[in-house]
Each structure stands twice: as C-alpha cells, then as structure tokens.
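The chain below stands alone, shown as structure tokens; this is the form predicted alone.
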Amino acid sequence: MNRYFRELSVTGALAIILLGLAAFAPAFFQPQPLLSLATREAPTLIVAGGMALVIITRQIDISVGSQFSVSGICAGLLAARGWPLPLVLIAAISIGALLGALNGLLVAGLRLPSIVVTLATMVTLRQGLNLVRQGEFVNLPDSIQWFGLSQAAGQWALVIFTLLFTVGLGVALRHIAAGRLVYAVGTDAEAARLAGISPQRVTFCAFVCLGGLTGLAAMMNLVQSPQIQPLSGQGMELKVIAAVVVGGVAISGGRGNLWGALAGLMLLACIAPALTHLHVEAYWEKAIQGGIILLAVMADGWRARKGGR
C-alpha cells in the first residue's frame, strides 16, 4: 500500500473532484464534452509516457513543447504538399526522434546537465520556428482531418489508441528487460554500470523515445484542426512534467509508473472544466495546479527524508 501511496492519493483526489462535479455541475458528465476533453488531452498523455521514462532515469527534458511545435509544423507542411498520411506520420515521429537524439547526445554523450541542455534546445527551437514561420499558420488538407474518418470516429480512435498505448508502455516498462534497465539507471547509475548496463546508452534511448512520442503526439494534435500554428506546443512541457510528477514519478529518479501519470494528467485536466462549470474565475486554474505540484514535491521530499532515517 505504501508503495503506491502517491498513485492512490491522486486517484482519491480525482474521485473527490468528480464527485463534487456530479453533485454541483452534472452537465460536466455529458458524453460529447467528456469525449472532446479526452481527445484534447490524448497527445499530452502520449508525451507524458515518454517524459516518465526520462525522469525515471534521473533526467528531465523541458524542450518537449518546442519539439511538439517543430514536429507539428514540419508534418503540416508535408501534408500540405500532398504527402500521404502514413508518410506524414512517419516523418513526424522521425523528426521528434531526431530532436530527442540531439538532447540525448548532449546529455548522455557529453554528460551535460539535462536541465541546461533542454532549456537551450527549447529556446533555440522555439525562436528558430518563430523566425522561419513569423507566426504563420499552416493550412491542412481536408483528407488529413481525423485520419480521414468522421469527427466522432476520429475522436474515439485517438482516445482508444492512447489508452491502449499507455497500457502497453506501462506493462513494458515494468515487465520487459528494457524497461527494468530504465529503473536500474535511475535508482543507481554506478551500480547499473557495475552490473554491465550502460547508463549513457539507456539515457540516450530514453531521450530518443521521448522525442519520437512527442512527434507522434504532434501528429495526433495535427489531425484535430484544419490549421496548425507554430505555438501549438507552448506550455506543454510544464503540463507534462506536472502530470508525471503529481502522478508519483519521483523527480529524483528510479521510481514511478504510467498509471500514476495517467491519474495525474486526468486530475490536472479536470481542473479547468470544473472551474468553468462551477463559475469560478479561470485564473485560479494555474494557482490550483501549482499548489498540487508543490504538494507532490513536498511529499517526495518528506518520503525521501523518512527513508533516509
């Protein structure tokens, strides 16, 4: 029970919010708004899965928002040129993976601090994209909307795929050897090295996976709108990191799972609609999210201190 205390706490907090909405704002539970909310958050959950890998290895990547924007714009330009949907999807994932590999080379290869590296790449990618596009949107062909399906079918396809992918990645992380390597490196990199594991290689692969998943998420966002804007990923890094940390992935590495990240994202995603339905000013959303994140970090610190004793 103590092992999953954070995940259970987040799930309990989410249940309290949902019960409160059921009592005071039952309109929140109408099927179409719920489906739209789940569809909007699906790309964020995909990125959160990759971020969990990186944080478990005791690293961090704050450039995912910029990677998301660059991958989305590049994929949109290719779609506008008439590229078929499967090739656009492959291109988006490949571009994201290449950007993740750049971070991985700098962090794992040159052993530079990940917070500094990804801060630099975040600013460079964002400003470079702004310079090239000058805020200009990319108009997308109708054939790419919702993967060529109707809007309702496309929404369900995105939500179901995201849930299945999250379950698959969560199972792989816990029960496949490659997943256990991630925990080993995050728990004690030197002990992992002595056991024959290459911490640098595992760290590099984690950054590449995060980049590829960010490209996939950008594609999932792309199909939801007739246009894609250069600032589409702005602020995503904070939301993703918050969901992962609130969901129980220790910022110090070596601990956490995707089920907690899913619960953390659901908790944070429900705040804005809850405030709207309860007629509370929207500016409280960031304050509440900040308070939740602070409590999560304090809980990690308290748990670490208690473990040290």
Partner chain sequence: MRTEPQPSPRDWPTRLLRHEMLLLYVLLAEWLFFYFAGTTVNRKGVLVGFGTLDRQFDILRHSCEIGLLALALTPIILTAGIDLSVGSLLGLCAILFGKLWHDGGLSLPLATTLTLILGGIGGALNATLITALRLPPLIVTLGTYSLFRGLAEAITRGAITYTDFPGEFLFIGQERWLGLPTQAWLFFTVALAVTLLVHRTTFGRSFRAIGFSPEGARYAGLPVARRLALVYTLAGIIAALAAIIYTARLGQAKADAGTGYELFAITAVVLGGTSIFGGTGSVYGTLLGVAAIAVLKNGLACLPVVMRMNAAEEMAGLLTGALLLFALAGSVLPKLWAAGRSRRSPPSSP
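Note that the structure is predicted; figures quoted are calculated from it, not measured. Numbering follows the first chain given and starts at 1.
Although not depicted, the form predicted together with its partner chain is the subject of the following passage.
Remark: of stretches 129-137, 146-154, 218-226, 84-92, the one touching its partner chain in the predicted complex is 129-137 (heavy atom within 4.5 Å). Within this chain, A274 is remote from the site of its partner chain in the predicted complex, having no heavy atom within 4.5 Å. By the criterion of a heavy atom within 4.5 Å, A25 is excluded from the residues contacting its partner chain in the predicted complex. In the predicted complex, at least one heavy atom of A189 sits within 4.5 Å of its partner chain.
Among heavy atoms of L21, none comes within 4.5 Å of its partner chain in the predicted complex.
When contacts are defined as a non-hydrogen atom within 4.5 Å, none of D142, V159 and L268 contacts its partner chain in the predicted complex. Contacts to its partner chain in the predicted complex (heavy atom within 4.5 Å) from stretch 220-238: L238 only.
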